[in-house]
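The chain below stands alone and is given in C-alpha cells; this is the form predicted on its own.
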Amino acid sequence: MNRPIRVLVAKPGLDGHDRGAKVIARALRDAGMEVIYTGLRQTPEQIVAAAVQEDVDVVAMSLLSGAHNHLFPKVVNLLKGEGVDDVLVLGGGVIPDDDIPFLLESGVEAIFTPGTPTKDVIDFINTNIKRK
C-alpha cells in the first residue's frame, strides 16, 4: 500500500485530559502516519463513525477515567457490527494491570500504559497493521 498508515486517536467517555493522546498523535505523525484526532468526550458510536468515514487502519483510544472496561470493548463490538474487521484497535492510559487481560480478550489488541515509550507504540503498529 502506498498511502501512509491512517490512525484515529480518540478520547472516549467523559475523560477531559488529552495530553497523552496529543503526545501519541504527534509521535505517530512524526513517524509518517496520518493522524485524525477526534477530540475529547467522544461516544463509542462517534469513534466508530469517524473510523469508518476516515477509512483508518488503526483506532487508538486513550482513557484515564476508569471506564475502559466498558468503553474499549464497546468500540470493538461496534466496529464488528459495522463489518470492520481489518482495523487494529489499541488502548492506552491509566489502566490497571489486572484489567489488561480482559481488554485483550475483548478484542483490544494492545494496551499501552503511562511511561510506555512512543517508539513501542509505533513499532507495534508497524508490526501488526492489517492492510486493506
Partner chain sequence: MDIQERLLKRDKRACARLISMLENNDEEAINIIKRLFNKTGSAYVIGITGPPGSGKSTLTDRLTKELRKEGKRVGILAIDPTSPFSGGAILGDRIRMSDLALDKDVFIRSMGTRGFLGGVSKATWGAVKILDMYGCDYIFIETVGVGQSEIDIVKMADTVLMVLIPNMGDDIQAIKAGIMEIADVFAINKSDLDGADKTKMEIEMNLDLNEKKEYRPPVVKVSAQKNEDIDILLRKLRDHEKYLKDTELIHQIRQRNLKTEILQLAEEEILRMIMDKAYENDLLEELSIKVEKREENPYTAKEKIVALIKD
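Residue numbers count along the first chain shown, from 1. Just so we're clear, the structure is a prediction, and the values are computed from it rather than from any experiment.
Absent from the display: the form predicted in complex with the partner chain. The rest refers to it.
- Checking 102-110, 58-66, 89-97, 75-83 against the partner chain in the predicted bound form, the stretch whose residues place heavy atoms within 4.5 Å of it is 75-83.
- Residue contact with the partner chain in the predicted bound form: residue 33 places a heavy atom within 4.5 Å of it.
- For the chain shown alone, residue 121 is not a contact residue for the partner chain in the predicted bound form, no non-hydrogen atom being within 4.5 angstroms.
- The partner chain is not drawn, but in the predicted bound form it has no heavy atom within 4.5 Å of residue 130.
- Along 50-70, a non-hydrogen atom within 4.5 Å of the partner chain in the predicted bound form is carried by 50, 52, 53, 54, 55, in order along the sequence.
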